[in-house]
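Only one chain is given next, in structure tokens, and it is the form predicted alone.
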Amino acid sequence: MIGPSRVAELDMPSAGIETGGSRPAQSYWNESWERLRANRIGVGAGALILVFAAIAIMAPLVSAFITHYQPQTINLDQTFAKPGSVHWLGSDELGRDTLTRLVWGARVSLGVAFLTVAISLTVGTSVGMLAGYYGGWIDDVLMRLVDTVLAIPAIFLFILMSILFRPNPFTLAVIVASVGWGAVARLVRGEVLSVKQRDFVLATRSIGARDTRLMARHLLPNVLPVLIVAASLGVGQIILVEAALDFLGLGIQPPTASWGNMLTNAESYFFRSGWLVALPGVTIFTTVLASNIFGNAVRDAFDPRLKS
């Protein structure tokens, strides 16, 4: 019988044992983080997302000490103002400061994205873990539920949910996550089916470990790389979904500012003030691009099959 100390050594995936070089073997996590840090473009993209998130969190401070405007403050004497000392990025058709609304819109757009990812990962991981670990009829029932969710056209579900619930950042995140968790569940199930047959799981089960301990202490850490990649790639996709729903009138409604409804509202004034279209559009483009670059960097770093 294998003792607990031996089982602990086998808990996490390793980077492999080097036989030919003088460099000692590293753990899977250390080697993955080193590969990620070596990707300067990917790290820069991740830092840019963190900067946007920090600015969104500090939106009240930006309004109070930098722009001196609130996102819903109307000034009809300053409509369509060009960028300058009064309005750094101009103003809209109601004289509202564009920079202030962009910053407050980041709270909504990024908040919806991060909350949606959190809900999708929580639900998808739970379902995928149970289906992959127990198998049998539990797997059949849960996977048929996932198939049903993925088979429903997303746009129809968004329309139905938007009619039933008035969209706000929380309800919109729940609406989008109600579709997105199915793909996460399939990814997690596939990883669990692979990992649960490894020696360290069989050894841990042989010494009487409970199912909850096996899933929480041994299976979940080995599924984390897949979840990290799914989360990093999902943020940009959800920002685009939120913007598309705002454009269709199914997302966050004015006067609450979000990048999506700012872009939708500016469509009518494109020839009057191109800034109103360009600024939220560039912001969405930059954030989604940074999210995708960072997600690809995380995937390259944590996928052992891509190790150079």
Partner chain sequence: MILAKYLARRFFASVIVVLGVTLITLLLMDRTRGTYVPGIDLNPSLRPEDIARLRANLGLDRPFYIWYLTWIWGVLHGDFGRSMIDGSTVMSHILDRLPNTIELTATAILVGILISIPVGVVSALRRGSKTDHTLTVVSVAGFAVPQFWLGLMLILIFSVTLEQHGLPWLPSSGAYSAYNGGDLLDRLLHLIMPATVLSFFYVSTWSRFIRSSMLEVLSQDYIRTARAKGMSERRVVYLHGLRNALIPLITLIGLELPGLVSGGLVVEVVFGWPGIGKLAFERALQYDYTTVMGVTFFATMLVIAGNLLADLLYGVLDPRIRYG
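Residue numbers count along the first chain shown, from 1. All values reported here derive from a predicted model rather than from experimental measurement.
There is another form of this protein, the form predicted together with the partner chain, and it is not shown here; the text below is about that form.
- Though the partner is left out of this view, P153 does reach within 4.5 Å of the partner chain in the predicted bound form, counting heavy atoms only.
- Contact between A244 and the partner chain in the predicted bound form is found at the 4.5 Å heavy atom cutoff.
- By the criterion of a heavy atom within 4.5 Å, D147 is counted among the residues contacting the partner chain in the predicted bound form.
- Taking non-hydrogen atoms only, A53 never approaches the partner chain to within 4.5 angstroms in the predicted bound form.
- Taken together, the three residues G44, L172 and L193 lack any non-hydrogen atom within 4.5 angstroms of the partner chain in the predicted bound form.
- When you look in the predicted bound form, the only residue of M161, L227, L115, L130 with a non-hydrogen atom within 4.5 Å of the partner chain is M161.
- Partner proximity in the predicted bound form, defined as non-hydrogen atoms within 4.5 angstroms of the partner chain, places exactly one of 72-80, 119-127, 153-161, 106-114 at the interface: 153-161.
- Along 221-255, these residues reach a heavy atom to within 4.5 Å of the partner chain in the predicted bound form: Q237, L240, A243, A244, F247, L248, L250.
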